[in-house]
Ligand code: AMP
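We begin with a single chain expressed as structure tokens, specifically the form predicted on its own.
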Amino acid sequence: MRVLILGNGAREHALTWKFSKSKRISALFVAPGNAGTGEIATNLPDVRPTSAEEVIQACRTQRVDLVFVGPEDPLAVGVVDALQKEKIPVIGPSAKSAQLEASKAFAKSFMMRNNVPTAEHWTFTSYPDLERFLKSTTKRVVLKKSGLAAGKGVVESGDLKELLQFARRTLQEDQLVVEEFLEGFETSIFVLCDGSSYRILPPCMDYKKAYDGNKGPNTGGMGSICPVPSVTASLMNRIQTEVVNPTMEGLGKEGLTYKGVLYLGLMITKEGPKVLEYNVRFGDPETQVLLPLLSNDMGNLAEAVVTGSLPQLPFDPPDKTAVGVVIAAPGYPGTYPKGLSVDLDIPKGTDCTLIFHAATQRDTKGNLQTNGGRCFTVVGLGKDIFEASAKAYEIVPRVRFEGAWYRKDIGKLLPHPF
């Protein structure tokens, strides 16, 4: 099996790593890739994931048997549709189905039509209408950009001025979704879909806030854990019955089925699970902690998704826990420098720790440099959350570049079940 992975983040490095362990793989390509993927696969730096023409040409040139789409942008612009037209097997949704992520307004309407529990919400296209609503409501609310925003198009604030500033900027180019503020704890549920059936993967939790104690601005994710201790077997049953089943039935009814990954971002409230958002691909940084716990050969898993044979594939519950800590560039999630020299002082024999590159590159001399905001994810594996966290934090200080920073409470700050 010759596989092409689209993307260049830590999620794609984790996917590449998992595919590289497969006994089914004869060639592995990543477009455009990063310095980490380049160590275990062939990077195609000139192929833009959002260009269907370039992706199709790469598939022909490299005789690719399967494409796995990592990020959301290629999905939203219809790269999967173009690949399907050329009869190239691909894991990911069509542009129509990708609206579940590309438009929060679309996703909210879908939830309402299909009785999927979610927050009370209102969609606005007019700033004066939105301003009147915010000034008159007594509810605590969250503002969300409807379109793609790389995890940063959300404002939670009690400051009306801050909310209105965000709203004015957003409504110049997009719709705005206003939601009631939900109390509880968040969890990430990933569902593998093969076009007719599905499998729910172990629950993850993403630490979205920039600073310790869940403080500061939203980010793309500063760390993650898998599985989540407070997501019990009984809670998972409720999630499947109340959220996953109606979602999957709704996809079928509305012609939105696809072969790929569906992410359900949930808030676990006192009333039960409620959907905050859908994504139509693996999350980052959750992928980095989820994939190391899956016992399945990635080639077999991908084949089951493409051929519609997921029910025949055995899934064993994870026998370990994973904790991932993101190391970011100074200034992230605001403006940040690129091209910072990186020193990876990693001792040999660290089998319980993995390092996934996010935004990294090599200079003309082959030296490792940063190339974005979130630069690495260090993943610790252990028998429980405490051991896994300790393993991760043993290695994190050994990833060195100027201004590097990270949260110190990943896997230590845990939600309490109700």
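One rule holds for the numbers: they count along the sequence shown, beginning at 1. Because the structure is predicted, anything quoted here is derived from the model rather than measured.
Only in words, not in the display: the form predicted together with the ligand, which the text now covers.
Exercise. Looking in the predicted bound form, any heavy atom of Val142 within 4.5 Å of the ligand?
Worked result: Judged by the heavy-atom cut-off of 4.5 Å, Val142 is in contact with the ligand in the predicted bound form.
Problem set entry | in the predicted bound form, Phe181 touching the ligand (heavy atom, 4.5 Å) | Residue-level check for Phe181: yes, a contact with the ligand.
For this session: Report yes if any heavy atom of Glu156 sits within 4.5 Å of a heavy atom of the ligand in the predicted bound form; otherwise report no.
Result: Looking in the predicted bound form, residue contacts with the ligand include Glu156, since a heavy atom lies within 4.5 Å.
Exercise. Looking in the predicted bound form, any heavy atom of Lys259 within 4.5 Å of the ligand?
Worked result: Looking in the predicted bound form, residue contacts with the ligand do not include Lys259, since no heavy atom lies within 4.5 Å.
For this session: Spot the stretch among 296 to 304, 315 to 323, 275 to 283, 226 to 234 with residues whose non-hydrogen atoms come within 4.5 Å of the ligand in the predicted bound form.
Result: Contact-bearing stretch, as computed: 275 to 283.
Problem set entry | Single option in Leu83, Ala102, Val191, Ala119 placed near the ligand in the predicted bound form, where near means a heavy atom within 4.5 Å | Spelling it out, the residue with a heavy atom inside the cut-off is Ala119.
Exercise. In the predicted bound form, which of the listed residues (Asp174, Glu242, Glu186, Asp73) lies with a heavy atom within 4.5 Å of the ligand?
Worked result: Flagged contact: Glu186.
Problem set entry | Sequence-ordered residues of 193 to 223 touching the ligand in the predicted bound form, heavy atom within 4.5 Å | Contacts from 193 to 223: Lys208, Asn218.
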